[in-house]
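Presented below, as structure tokens, is a lone chain in the form predicted alone.
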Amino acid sequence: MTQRRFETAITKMFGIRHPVLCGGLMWLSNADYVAAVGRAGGLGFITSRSFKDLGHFRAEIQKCRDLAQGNPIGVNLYMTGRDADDSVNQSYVDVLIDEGVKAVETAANTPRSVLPRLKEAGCTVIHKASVVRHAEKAVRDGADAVVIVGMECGGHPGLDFIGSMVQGAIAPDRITVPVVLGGGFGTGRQLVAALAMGAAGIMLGTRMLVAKEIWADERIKQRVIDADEGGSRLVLSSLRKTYRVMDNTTARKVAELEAAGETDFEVYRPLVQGSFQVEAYESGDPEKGLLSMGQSAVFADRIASVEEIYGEIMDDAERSLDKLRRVTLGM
């Protein structure tokens, strides 16, 4: 078990050993993975929308709680702002409150519609946003902490395309609650840099795709390992649905449609529907579907357990601190 080396507002807020969170990974953040993150000293989030009904969602929380051995676990809620989706999220809230989950990650639109019930139940809510101004709105609405993800992130980096280094330098000064930085993070030296900029921790996504506890076929993991910092591409920006994904056959077909000026989303749907992602993870076909992957794939050099990945990151952080001390002292 990797020992505690940093104490920040985030480690105190969530009762974890390390200021390293693992954001919800659609289809992949299940009980085995999230519990492993908790045992490793971090905090992960079960993605509520990964399960076909509320019964399966509840069962996954119960399994995760048992596997976590008393360590904190969380749930991710994706906020689209659409009335129908908000109703579904309220049902997820019913379940997570009933099951005693206290850590909730919200993403995309403001969590305003679910915050009152979550706060009344004693939950701590961390909201994930792609730009500082959206994070500020979530704080005004009542979020307890925020994650700012730069354009390097896998999945949806928003429309502003601002990198983590710039946002990391301005967010802690502008936001009154603890700030976590995400998007391109995967090393301990980046953790040290984030803390130096005033953040309270970092969030991992792509870096964890090669964890043993992630259920995806190993051929998908190998594709992540083989990728360098340029192995992803942005698609769907022309439709204002920007998505950073693995640079595969499907992504290139989508890019060709965009280059041809196609604006009808229904033309894209046969390529981008979520069921193809599930099929790819199950079959091991890395060319099928739009598979979320950010630039931090460059740090994913082998398949390893969550505990091993956390250990590597914390050891790297320690070495980076030593290097910083030598530089500071002119040694």
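Residue positions are given as counts along the sequence shown, with the first one as 1. What you are looking at is a predicted structure, and each value in this text was computed from that prediction instead of being measured.
Just so you know, the form predicted together with a small molecule exists too; it's not on screen, but the next bit is about it.
Using a 4.5 Å cutoff between non-hydrogen atoms, L28 counts as a contact of the small molecule in the predicted complex. Using a 4.5 angstroms threshold between heavy atoms, M203 counts as touching the small molecule in the predicted complex. Not displayed here, the small molecule is kept clear of D144 by more than 4.5 Å at the level of heavy atoms in the predicted complex. For the chain shown alone, Y281 is a contact residue for the small molecule in the predicted complex, at least one non-hydrogen atom being within 4.5 angstroms. Listed residues V149, V75, A199, I126 were compared with the small molecule in the predicted complex; V149 is the one with a heavy atom within 4.5 Å. This chain lacks the partner; the member of P178, G184, P111, G188 within 4.5 angstroms of the small molecule in the predicted complex by a non-hydrogen atom is G184. Partner proximity in the predicted complex, defined as non-hydrogen atoms within 4.5 angstroms of the small molecule, places exactly one of 90-98, 76-84, 231-239, 253-261 at the interface: 76-84.
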